[in-house]
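First, one chain by itself: the form predicted on its own, in structure tokens.
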Amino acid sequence: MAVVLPIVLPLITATIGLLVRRRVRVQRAIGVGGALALVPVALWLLFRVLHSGPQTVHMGGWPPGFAIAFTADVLSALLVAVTAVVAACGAVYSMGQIDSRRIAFSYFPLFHILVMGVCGAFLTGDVFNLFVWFEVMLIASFVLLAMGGERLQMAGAIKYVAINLISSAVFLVAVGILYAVCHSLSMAELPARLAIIADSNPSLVVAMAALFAVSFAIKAGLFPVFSWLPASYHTPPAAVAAVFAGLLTKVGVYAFLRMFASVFPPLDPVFAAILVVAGATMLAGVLGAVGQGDVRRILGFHIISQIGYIVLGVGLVGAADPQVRQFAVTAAVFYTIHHILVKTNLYFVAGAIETLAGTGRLTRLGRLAQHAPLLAVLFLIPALSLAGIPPLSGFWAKLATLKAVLAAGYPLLAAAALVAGLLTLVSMMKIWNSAFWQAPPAPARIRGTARLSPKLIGPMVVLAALTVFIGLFPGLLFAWAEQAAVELISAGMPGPLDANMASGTTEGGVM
């Protein structure tokens, strides 16, 4: 049952939290306790997968093909583990930022429903249930985004839910066509069936892949369908925005990786389009960031830009050289883990800036390094990592991506990645100079470092330490990322067709 515990635990926590939602202190304790408990559960699952191979559970005692299947391989277990870390940090940070009114409105139960949806999406072994978990996330995230009822929040929430409902509709159509053609939605069965269909009717498979790609592109925030993201992520409290920035778009990236590296056969037109979109996303996102004057708006556009780097790895699955394919997916997995930690932390820092100064507008900030030197350091670590400065985690992520792109023979994409990295550094230094270094244009409004409680500082320290650790010792995460890439490309997820494979185990259970 280790596979389903990361889903069951948030569900139990959310249920208990709803029963005591009017008791703010109790709900806060339950919400934080449940998030902290998820960390050892997720690490235990990762340990089992690394040492015993992929794990599968068929729920309800039904046979494969009829039961709801949950599967944990190295990729999904890694992402569940980093999700647990982000959730724990986000819950602790929320204690220092989310007001009692929002907590009484079931903030923590909704937070855990969101975490449950993320873990469910990472662990599902069925394409339709991937859609279901996307919808669980959408419902919870919409309420969290709109919670508070402020005009700016509602405007952002409406844009967010409208475009994501379009994505869900496209996804559902794609799932229906896929089932009609393949008579199965199991991620273990689909690769073989799609390969047979691609031989006789390649245009049909390309059309299905294109539908999935459009849906995932919207959810991941790719060019040109990313406008919902910078329009909404600056509106909720920073604790909410940080979890959104770290996790929600990465579920779209995960779906890209799972479906196009493991499920669909090689499709040259689709992979070529993905590469073009990835390059445009890198540049469009970073150019949008350079033109912004608010910390969180800058970070929102950087989410878009950095997603472009990750999706490059997906596009390179179509490379002719199998070693290039494997290394590209390895780089994408490594980049995903790095970006979850760094982007979550940057939003935590943005929230701390707003707590100290009452605003995130760069024209109204200044000399924060003098008033809050620790916060300045905690900004520099993820900011420089995002820009790819050694020896931080972002340097290795960008270096691996560039090596894969050059090895595949795409120098223009490599140049675009370098330009995007340089502009990322420029925009991060723009925040540093305006908010932390230079004198404010008006009398300082700093409220004092006493407002930065350990509940705010602690999560930032943890994530910064992980960023530094990965940068100094990248070999461990690279080894895990490579193992994940091998499993993905070989379509190695166990399931109804290969549940007894020697490299993994299968469990039966009832939820």
Partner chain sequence: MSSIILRATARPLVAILAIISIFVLLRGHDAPGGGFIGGLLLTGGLALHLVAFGSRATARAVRLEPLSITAGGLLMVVIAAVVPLVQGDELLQAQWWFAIPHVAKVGTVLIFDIGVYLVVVGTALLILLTLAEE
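Numbering follows the first chain given and starts at 1. Remember, it's a predicted structure, so these values are computed and weren't measured experimentally.
There is also a form predicted in complex with its partner chain; it is not shown, and the following applies to it.
Student: Within 4.5 Å of its partner chain in the predicted complex, heavy atoms considered, which of Pro454, Gly60, Gly33, Pro40?
Tutor: Looking at Pro454, Gly60, Gly33, Pro40 one by one, just Gly60 meets the 4.5 Å heavy-atom criterion.
Student: Is Arg22 part of the interface with its partner chain in the predicted complex - any heavy atom within 4.5 Å?
Tutor: Yes, contact at 4.5 Å.
Student: Wondering, does Ser490 line up within 4.5 Å of its partner chain in the predicted complex on heavy atoms?
Tutor: So Ser490 does not count as contacting its partner chain.
Student: Taking the partner as it appears in the predicted complex, which of 455-463, 482-490, 23-31, 52-60 has residues with heavy atoms within 4.5 Å of its partner chain?
Tutor: This holds for exactly one stretch, 52-60.
Student: What residues in 1-33 sit within 4.5 Å of its partner chain in the predicted complex, counting heavy atoms only?
Tutor: Read in sequence order, the residues that approach its partner chain (within 4.5 Å, in the predicted complex) are Met1, Val4, Val8, Leu11, Ile12, Thr15, Leu18, Leu19, Arg21, Arg22.
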